[in-house]
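The chain below stands alone and is given as structure tokens, in the form predicted on its own.
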Amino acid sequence: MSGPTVTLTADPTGPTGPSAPPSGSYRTAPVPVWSRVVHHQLFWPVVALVLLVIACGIKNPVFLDVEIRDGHLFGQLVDISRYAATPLLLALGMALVIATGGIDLSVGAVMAISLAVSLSYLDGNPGAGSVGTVAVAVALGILVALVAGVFNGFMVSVLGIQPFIATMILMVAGRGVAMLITKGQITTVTSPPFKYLGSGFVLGVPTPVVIALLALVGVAVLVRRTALGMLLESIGINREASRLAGVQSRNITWFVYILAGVLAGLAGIVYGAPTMAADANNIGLMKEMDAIMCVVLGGTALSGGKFYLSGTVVGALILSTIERAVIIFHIPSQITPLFKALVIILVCVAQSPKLREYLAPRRRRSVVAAAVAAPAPTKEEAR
């Protein structure tokens, strides 16, 4: 987000207009770089992330160390990136849904369903150790997640049910569906190719990190290299005006919920692959709240409209770092949610509209003062 550039002129045609009198024009006062950095949407989330990393590094001197063992990256920072993959996959879809003014509370349940389907297919399959069988299992899990997204999108965009209520239905019923698939048991399998999706390495980088980065690039290209991102924001700002302007808000909203379901299904597979166990009662529990927090920490407003994928990435890293900091500082598990809430409150307050409104007049005053202090243009400059 670029900072504003203020131009003061006595003539509405501007200082460079043909009718601009030399005596009534002022030089443009550029906004200082530091001011643009401080007022950037990502400034406070990045500051919070850096402070967390520094605090952990002071407490544990080896925290910042990254080693290469057998060609693979290891270290606390690598683990943070690995654990941030799941909330990032969920938050990418959630950010697009929130941009349309909606919300998806079912992503945690969709995680459980997707993992349950994949592991149930592998369970008892004699070819569970083959790559082809695992590919089919992953495809089935994502396909079921896609169906869940179709259901949510139909409820919201076609039937007009409020997103909170529509997705809450699957949030409640989804775990029951997962329990039916696993027959109430914790399904466990042994499949090295499937485990590779959660604990393997690609060129030394953990596989979950690679999967999350590919998903991020795919979503970024989809919404930033096409008109889809702009249409999503227009729907979130004013759905009725977008419809009257010719935007197919119903189809776009439906597509966004389908995409969120697919990403949630992929997140479920990445999350459960290391243990290769599907516990329908615990997989994805409260993960929808983590996804919403990642989006909010990244600067996207829940009211819809403009969204920030880069901010969502920072939000996922903050969340993962907080969970690591709890372990490093030996914070009792009973007050872990309180510690997480305090950090999130500080970040949200720092980037709140009221604080920005309080800081904005100072910036404008400094710009105006710089403009007034600037010398008037000479006759040669005016020509």
Partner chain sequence: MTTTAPAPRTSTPSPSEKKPMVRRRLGRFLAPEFLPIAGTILTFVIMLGVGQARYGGERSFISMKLFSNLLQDNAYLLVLAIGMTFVILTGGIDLSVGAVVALVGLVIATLLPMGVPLPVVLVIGVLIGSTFGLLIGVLVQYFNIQPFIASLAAMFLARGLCNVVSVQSVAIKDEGFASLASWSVKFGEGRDIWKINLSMIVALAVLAFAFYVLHYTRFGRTVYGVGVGDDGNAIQLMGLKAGRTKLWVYVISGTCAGIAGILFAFYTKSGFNLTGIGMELDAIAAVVIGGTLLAGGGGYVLGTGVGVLVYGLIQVLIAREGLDSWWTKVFIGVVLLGFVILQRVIVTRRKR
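Residue numbers count along the first chain shown, from 1. Everything numeric here is computed off the predicted structure, so don't read it as measured data.
Below, we refer to the form predicted together with the partner chain, which is not included among the displayed structures.
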Exactly one of 243, 306, 72, 224 comes within 4.5 Å of the partner chain in the model of the complex through a heavy atom, and that residue is 243
Among 252, 219, 128, 169, just one has a heavy atom within 4.5 Å of the partner chain in the model of the complex, namely 169
Which of 150 to 158, 119 to 127, 203 to 211, 189 to 197 lies within 4.5 Å of the partner chain in the model of the complex, heavy atoms considered? The stretch 150 to 158
Taking the shortest heavy atom distance, is residue 330 within 4.5 Å of the partner chain in the model of the complex?
no
In the model of the complex, does residue 239 come within 4.5 Å of the partner chain, counting heavy atoms only? yes
Using heavy atoms and a 4.5 Å limit, would one call residue 165 a contact residue for the partner chain in the model of the complex?
yes
- Residue contact check: residue 230 to the partner chain in the model of the complex, 4.5 Å heavy atom: no
> Candidate spot 60, 258 and 326, all three in 4.5 Å heavy atom range of the partner chain in the model of the complex?
Replying inline: no
Of the residues spanning 164 to 193, the ones with some heavy atom within 4.5 Å of the partner chain in the model of the complex are 164, 165, 168, 169, 171, 172, 173, 175, 176, 177, 179, 180, 183, 184
